[in-house]
Structure formats: C-alpha cells, structure tokens
Ligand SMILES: C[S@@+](CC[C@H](N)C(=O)[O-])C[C@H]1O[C@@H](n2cnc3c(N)ncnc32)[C@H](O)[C@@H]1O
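The form predicted alone is given below as one chain in structure tokens.
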Amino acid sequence: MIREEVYKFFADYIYKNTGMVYASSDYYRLDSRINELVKFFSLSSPDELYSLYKKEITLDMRAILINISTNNETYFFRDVKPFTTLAKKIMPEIMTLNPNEEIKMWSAASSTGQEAYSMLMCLKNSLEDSAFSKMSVEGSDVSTKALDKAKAGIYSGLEVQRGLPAQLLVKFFQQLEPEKWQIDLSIQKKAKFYEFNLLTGLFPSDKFHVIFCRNILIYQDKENKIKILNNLSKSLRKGGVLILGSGESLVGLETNLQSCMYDDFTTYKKI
C-alpha cells in the first residue's frame, strides 16, 4: 500500500520537472513507476524510496525517476496522416518558400526515435535526392534512456512491425539478427537526438520549418500548455508549421498560433 504522502511527493516532483500532471484521482497510475524504482534501488517498500528521495536527489536519481515516469509510447508512422500530409502538402510548400535553404525539422518529444525516423523515411520516399539532401531532423526528449535507443537506431521485430509498412522495412532497415533491425545510414545520419525539457529548456528562435510536438500537451495543465506552445511558436520560421497530436487543439488557449488546414488535416502556424 502506497501512502498519500508518497504519491504526492513523486507526483509533485514529476510535475515540476516534466509538467506531467498526476491529480490525486490519478495517483494509481504511479503505482508501477514507484514500485519499479523500489526494485531498481533494491529497497523493501515505497516508504524507503520516499525517504531516499527526501534526503537527497542526485542527478542520477533524477534521471532514473524521469526515465521511469515519462510515457514513451510510440511507434513508426503513428496516426499516418501527419506524415503523408508532411510529404505531400507541407514540404512542397515549404520548399517553394525556401528554395535555397536547408529544411530543419524538430521532433520535440521524440521518445525512442520512431517519429523522427518516420518523418525522414516518408520524405526520402517522396522527394528527389537533391531535395532530401537538404532535410534534417532534430529529436529531443527528457528521457535519456529513450534517447539512447533513438541514437542507436536499432529496433526489435515487434517495434518494426508496429506501423511500419513492409516495403519501407525492406527499403530502410538492415536485419542484424532475427529480432533486431538497424535503420539505414541514409536516414540515421539525417537525425540528431539530444535531451531537452519543453518546460525549462532554452528554445532557439526562428530555427525550424516544421515542428512535431504530439501527445505531450494532453499531460499538461493549461498554464504549461500555453507556455510550451508559445515557445514552440518562437522556434518556428516564418511560414513554419506545428503539428500536434490528433487529440490536441488550441481551443481555449491564448497563443500566437493560428490553425491551417491541409485538406482535412489541421496544423498550426505562427501569426
């Protein structure tokens, strides 16, 4: 049994460091995370874990807690529509507006890398080599464990079966072992991954032509949503496009972004 005081301590710490909200009614969602930490530190109870973290939180302890507490659910071409719209609608428009520039994209919650690599694969598959040569993606996340996997570009058989069309698996992956697949170097070299906190990080100005930030705002309260959105807008180039998750919108939020439709797909641009 985990005491209310223990739940509140870890919920507050996660909120302050990631913006993820665990209301008291959602504390049960912390059970597996707290118990995983208890096991990791070879402790006997959540109370011992609480005492350990109350005494001192080292950088390693912080990293372990953030790695365990964040939701790294992802897969290749998740929801499909953002990627087809990027390749067929958004990118041709951006290339016309920026004919001589390197096109910079950002997967702002990249987890284990499938989103960033999916962006690159769909563009590689639809553009001339000369156009694709100007593309690059930066992928960021708060989870160092997820980032290590993204940088390696190696995925299990189950992971490459989730969302990845068979023809793209054959085209863009090398099978290392029966259940281990490596992303092709032509894709991997176009992606750069690094740790970044969307709540506390220093956002670059006017850098990116496209930003994917999907399924992050649903875990934030209204204040943090507005903060993140305005910082993402700051990082967009003129005419740049922000893509959110399918269940996310700007309804009820005051930002300097406006909706922009590509057929039936909603994106957002800086006003």
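Since we're looking at a predicted model, the values are computed, not measured. The first residue of the shown sequence is 1; numbering continues from there.
The same protein also has a form predicted together with the ligand, omitted here; what follows describes it.
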property: Residue (of K190, R78, K104, K124) lying close to the ligand in the model of the complex, criterion heavy atoms within 4.5 Å; result: R78
property: Position in contact with the ligand when the complex is considered in the model of the complex, options N197, S186, S136, N98, heavy atoms within 4.5 Å; result: N197
property: Non-hydrogen atom contact R214 with the ligand in the model of the complex at 4.5 angstroms; result: yes
property: L257, heavy atom within 4.5 angstroms of the ligand in the model of the complex; result: no
property: Q220: touches the ligand in the model of the complex, heavy atom cutoff 4.5 angstroms; result: yes
property: is_contact(A109, the ligand) in the model of the complex, heavy atom dist at most 4.5 Å; result: yes
property: Options 109-117, 85-93, 125-133, 158-166; stretch whose heavy atom lies within 4.5 Å of the ligand in the model of the complex; result: 109-117
property: Residues in 6-24 close to the ligand in the model of the complex, defined by a heavy atom within 4.5 Å, in order; result: T18, M20
